[in-house]
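Here we start with a single chain on its own, the form predicted on its own, put down as structure tokens.
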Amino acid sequence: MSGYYTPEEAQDVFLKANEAYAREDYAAAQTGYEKLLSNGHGGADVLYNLGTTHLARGDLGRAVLFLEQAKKEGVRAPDLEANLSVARARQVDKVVGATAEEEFLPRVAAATDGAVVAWTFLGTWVAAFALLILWRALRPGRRTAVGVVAALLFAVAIPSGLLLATHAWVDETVHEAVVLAPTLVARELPQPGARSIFEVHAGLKVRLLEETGRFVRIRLPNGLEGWAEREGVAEI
């Protein structure tokens, strides 16, 4: 695939894909958004629109995948959550059983906004150092107020720095995926002939634990684990 490398050309493809979606030509809309992704002109808006297009076409797996990727890119629009809710309502799987206890750090990361944490850390750290330099330049009798504000900023910067490190660790080590295959068999061992222990279907969000050969070990939200074909899932 070639072309569409300039911002102007990418914008033209994006608008034409939007127009195709508006007239319910979902195949043309999907082609346009996929062209943008394959040429490095993705981003949250393209991912969101592509996920919405797959939802309109009934492809639950790719709908959830691209909507979740848009969410990971920072989209917090109510429409995104609404579309994800529609996709989840259409899923075959209703996972039952005790919910697996989420580890502490992933729960902390999920409860906080990574971008806000990063900007809070950067802003308070820079401001605190600037005030520290000012404090050293002032005469002893005029340092108190500046010193108190600098101490408060450091008090915010340190925990926000730890929280930022938590987000980085979770991004690096926790891998979530979406089932793309209409039916995905999870087996006891990473072998084609191993005993089947459960089946899941397109659109279900799972955790990737490890990979060997063409198999990955997946964990369901209720903690159930099994080995499944790698090509049946896509990482968010």
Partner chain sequence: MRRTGSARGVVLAVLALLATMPAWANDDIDFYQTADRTEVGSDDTFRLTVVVVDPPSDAQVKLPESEDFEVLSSSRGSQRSISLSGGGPAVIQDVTRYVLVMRATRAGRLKIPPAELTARGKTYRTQPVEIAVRTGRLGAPSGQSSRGSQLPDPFANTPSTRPDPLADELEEDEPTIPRGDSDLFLRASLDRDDVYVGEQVTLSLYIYSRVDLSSVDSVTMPKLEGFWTEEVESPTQLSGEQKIVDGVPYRAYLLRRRAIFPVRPGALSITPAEADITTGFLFAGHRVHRVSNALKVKVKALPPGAPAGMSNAHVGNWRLSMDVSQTRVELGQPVTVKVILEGVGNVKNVTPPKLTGPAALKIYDPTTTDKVAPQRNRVQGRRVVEYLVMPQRTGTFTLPALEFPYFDPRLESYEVARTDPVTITVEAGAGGVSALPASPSQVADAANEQKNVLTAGGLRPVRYQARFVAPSEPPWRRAFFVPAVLAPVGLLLGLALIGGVRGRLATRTEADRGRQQAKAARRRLAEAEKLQGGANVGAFYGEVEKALHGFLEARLGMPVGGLTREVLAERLTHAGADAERRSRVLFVLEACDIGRYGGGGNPAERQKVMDAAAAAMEGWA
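Residue numbers count along the first chain shown, from 1. None of the values given here were measured: they were computed from a predicted structure. In this text, the rigid core denotes the largest set of C-alpha atoms whose superposition between the two forms falls within 1.5 Å.
The same protein also has a form predicted together with its partner chain, omitted here; what follows describes it.
- Out of the listed residues A155, V149, L105, L122, L122 is the one that sits within 4.5 Å of its partner chain in the predicted bound form by at least one heavy atom.
- With the partner omitted from this view, the residue of A145, V95, A77, A110 that lies near its partner chain in the predicted bound form is A77 [heavy atom within 4.5 Å].
- H167 belongs to the set of residues with a heavy atom inside 4.5 Å of its partner chain in the predicted bound form.
- Proximity of V126 to its partner chain in the predicted bound form falls within the 4.5 Å heavy atom cutoff.
- When contacts are judged by a 4.5 Å heavy atom cut-off, Y21 counts as touching its partner chain in the predicted bound form.
- Although the partner is absent here, E211 is not a contact residue: none of its heavy atoms lies within 4.5 angstroms of its partner chain in the predicted bound form.
- Superposition of the core reveals a Cα shift of 2 Å or more for A165 between this form and the one not shown.
- The Cα position of L84 differs by less than 2 Å between this form and the one not shown after fitting on the rigid core.
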